[in-house]
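Before any questions on how it binds or moves, here is one chain, the form predicted alone, in structure tokens.
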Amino acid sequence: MHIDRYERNWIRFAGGLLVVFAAALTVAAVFLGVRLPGIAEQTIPIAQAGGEYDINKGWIRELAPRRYEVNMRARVWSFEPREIRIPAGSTVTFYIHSDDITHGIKIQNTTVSTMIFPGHVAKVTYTFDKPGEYVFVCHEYCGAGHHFMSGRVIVEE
């Protein structure tokens, strides 16, 4: 079978790109700890409402020194709470709920990035080592006011 020289070169080029992409994914997954988001491992059933820390509200609570838990609500174009203040070196576990439609959250300059599905709770844990302001945004288009959906984590010294 005859294959034109240019066609053969393009086939080799495409095959080479596949090898490069597979190597990049392997390096990212094995050595850099990059994980693809998955629903099954990041969701737990929604708990009952009520109590001091009502699951239907956004709140922050300190579990131990430099260990915090945040219950975050995502609803029509806002996050609750919109501002989270913690000291540097704190480990924060976020429990994030969606009250209406599918949202997403990405905390800039961190590895926190997940989808938020109605009826499920996304659980993400991250340690904020460096002081500063970490902006978080919805990264899943959710409607006309999507671009207003943001907040910040302020890490104090």
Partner chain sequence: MSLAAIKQYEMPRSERNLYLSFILIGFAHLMVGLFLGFMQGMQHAGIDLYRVIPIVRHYYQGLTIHGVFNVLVFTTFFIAGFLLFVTSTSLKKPINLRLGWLTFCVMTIGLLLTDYAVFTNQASVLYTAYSPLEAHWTFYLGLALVVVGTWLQLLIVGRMVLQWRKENPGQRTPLLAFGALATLLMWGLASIPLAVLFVGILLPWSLDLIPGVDVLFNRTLFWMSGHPIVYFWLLPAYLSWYFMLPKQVGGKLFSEPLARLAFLLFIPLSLPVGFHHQYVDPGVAEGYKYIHFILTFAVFMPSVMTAFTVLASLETGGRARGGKGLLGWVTKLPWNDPSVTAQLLAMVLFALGGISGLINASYNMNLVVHNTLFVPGHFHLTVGTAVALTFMGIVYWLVPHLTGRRLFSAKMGVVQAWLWFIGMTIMSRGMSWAGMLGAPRRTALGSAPYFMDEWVLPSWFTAIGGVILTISGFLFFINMLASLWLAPKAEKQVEVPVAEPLIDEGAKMPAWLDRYTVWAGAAVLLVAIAYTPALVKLISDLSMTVPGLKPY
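No experiment lies behind these values; they were computed from the predicted model shown. Positions refer to the first chain, counted from 1. Here, rigid core means the biggest group of C-alpha atoms that superpose within 1.5 Å across both forms.
Although not depicted, the form predicted together with its partner chain is the subject of the following passage.
Participant: Report yes if all three of Gln108, Ala122 and His139 come within 4.5 Å of its partner chain in the model of the complex by some heavy atom, otherwise no.
Facilitator: Checking in the model of the complex: Gln108, Ala122 and His139 are all within 4.5 Å of its partner chain.
Participant: For Phe117, is any heavy atom within 4.5 Å of its partner chain in the model of the complex, or not?
Facilitator: Yes, contact at 4.5 Å.
Participant: Does Ser90 make contact with its partner chain in the model of the complex, using a 4.5 Å heavy atom cut-off?
Facilitator: Contact with its partner chain, no.
Participant: With the partner left out here, check for me: in the model of the complex, does some heavy atom of Glu7 sit within 4.5 Å of its partner chain?
Facilitator: Within the cut-off, so yes.
Participant: Look up in the model of the complex whether Ile3 has a non-hydrogen atom within 4.5 angstroms of its partner chain, and give yes or no.
Facilitator: Within the cut-off, so yes.
Participant: Do any residues of 81-103 have a non-hydrogen atom within 4.5 angstroms of its partner chain in the model of the complex? If so, which ones, in sequence order?
Facilitator: Residues within 4.5 Å: Asp100, Ile101, Thr102.
Participant: So with the core overlaid, does the Cα of Trp10 end up 2 Å or more away between this form and the one not shown?
Facilitator: Yes: Trp10 shifts by at least 2 Å between this form and the one not shown.
Participant: So, does Ala24 move by 2 Å or more at the CA between this form and the one not shown, with the core held fixed?
Facilitator: Yes; Ala24 is a residue whose C-alpha shifts (by 2 Å or more) between this form and the one not shown when the cores are overlaid.
Participant: Answer with closer or farther for the CA-CA spacing of Leu25 and Thr91 in the model of the complex compared to the shown form; it moves by 3 Å or more.
Facilitator: It is closer: in the model of the complex, the C-alpha atoms of Leu25 and Thr91 lie at least 3 Å nearer than they do here.
Participant: Which is it in the model of the complex for the CA atoms of Ala24 and His139, closer or farther than here, knowing they shift by 3 Å or more?
Facilitator: Relative to the displayed form, Ala24 and His139 move farther apart in the model of the complex - a change of at least 3 Å between their C-alphas.
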